[in-house]
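Taking the form predicted on its own, here's one chain by itself in structure tokens.
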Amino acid sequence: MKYFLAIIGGGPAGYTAAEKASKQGKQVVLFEQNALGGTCLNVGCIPTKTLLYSAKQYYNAVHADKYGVKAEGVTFDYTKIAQRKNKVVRKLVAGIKQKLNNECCTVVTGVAEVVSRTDEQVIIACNGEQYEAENLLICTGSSNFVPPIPGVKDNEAVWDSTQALAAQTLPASMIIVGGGVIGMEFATLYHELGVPVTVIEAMPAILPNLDQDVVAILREKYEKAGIRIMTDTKVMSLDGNKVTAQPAEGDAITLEAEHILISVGRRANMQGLEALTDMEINRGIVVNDMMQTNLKNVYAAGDVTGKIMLAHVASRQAEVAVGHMLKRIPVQRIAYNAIPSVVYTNPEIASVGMLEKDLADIPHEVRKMPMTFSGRFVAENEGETGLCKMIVDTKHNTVLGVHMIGNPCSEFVAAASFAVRMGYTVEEFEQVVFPHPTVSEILKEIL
């Protein structure tokens, strides 16, 4: 059988593309070497958030007296927390399998390799069989990057995020190398379950790609709570469970913990694509607005493109790629300026649009407001202040960016995304009716 579309990788990009194309009656073959759902579902977004939710439940119970509730002798069972995480993953993987269970979609479990390509067909080998397709969509994702730090390789004390998620017991103490999104979410998990945590970040600030007014609030809270955060500090070497770090100023110091979590970023997976010798690569597969590579019938979506490594971006990229293959006119391009991002710390951080530091050449106004201007926030976040920050283009009076810290801002950042994506003016956004009482009303108040 000759397929319309062959997809390598069954993560958010791959399974979204398979579902969209097969529902249009196109024959699709999807190759996945591990489990459907990819990194996000199996060893990323979903298991991390499941563990974080359990940690938050424990943390809230311990601090329930703030709300006039007394809970004595509160404990947790990390083995059961981990088991629940596995149950959630299994349930969602089964849901994806069900979505792809149709007569037009074939799922093949195994390592796929591109054998050859012409403008008319691509041949892929998997499990000793060859498959022919008109189009190829590469969704091979990314893997944890292991920095060339002496002592990291073959060190039993060192974990990556996958190993941390697989653990059935908590470490006695943890050093986290990398203060990005993954690092700070794990710092939240371990701290809220009582594990001493140290975060080491080479950049001058944690979460360096986010609004630093928002980040400063998180850092202050976490340091007061007992998380040690060392920025502008490079890890020089590891010796077992000992870390030698060099601050930008001062002498090198040695830190020790039961485990060291390395979370310094991810790199695109390019294995199995060696036959595509003419494909343009630059920190990932280079694609145009329609997710098409420089090879006519080869597309790429998700982390492998090296763009924004988020599951919801991967899904949208897949939709655009399939739309272009099916010649759906017009296919809407991806508005990368309106991609929301969330850090599931406690409190949460949510952001969309441009950062203040990137607006030197654009006339703009910065509006800031504590989240306490929302009655619902005050009712549910005792002792917290939070922040909502909006950036407005003063020439066109449009919303350029919104950056927030405070629970549950992840649940309504999409409203800000609409405003940025559609180019809402302040006057247009003011006409949107927000339900009362909700924390989302902060977006109305700040206008």
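Computed from a predicted model, the values in this text were never measured in an experiment. The first residue of the shown sequence is 1; numbering continues from there.
One more form of this protein exists, namely the form predicted in complex with nicotinamide-adenine-dinucleotide; it is left out here, but the text below deals with it.
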{"query": "Answer option from Ser263, Thr140, Ser351, Thr305, heavy atom within 4.5 Å of nicotinamide-adenine-dinucleotide in the model of the complex", "finding": "Ser263"}
{"query": "Partner-contacting position among Gly284, Gly180, Pro171, Gly323 - heavy atom within 4.5 Å of nicotinamide-adenine-dinucleotide in the model of the complex", "finding": "Gly180"}
{"query": "Contact test in the model of the complex: Glu185 vs nicotinamide-adenine-dinucleotide, heavy atoms, 4.5 Å", "finding": "yes"}
{"query": "Close approach of Pro370 to nicotinamide-adenine-dinucleotide in the model of the complex, 4.5 Å, heavy atom", "finding": "no"}
{"query": "nicotinamide-adenine-dinucleotide contact at Lys389 in the model of the complex, heavy atom, 4.5 Å", "finding": "no"}
{"query": "Heavy atom of Met203 within 4.5 Å of nicotinamide-adenine-dinucleotide in the model of the complex", "finding": "yes"}
{"query": "Segment assignment from 127-135, 93-101, 195-203, 373-381: heavy atom within 4.5 Å of nicotinamide-adenine-dinucleotide in the model of the complex", "finding": "195-203"}
{"query": "Residues of stretch 362-391 in contact with nicotinamide-adenine-dinucleotide in the model of the complex (4.5 Å, non-hydrogen atom)", "finding": "none"}
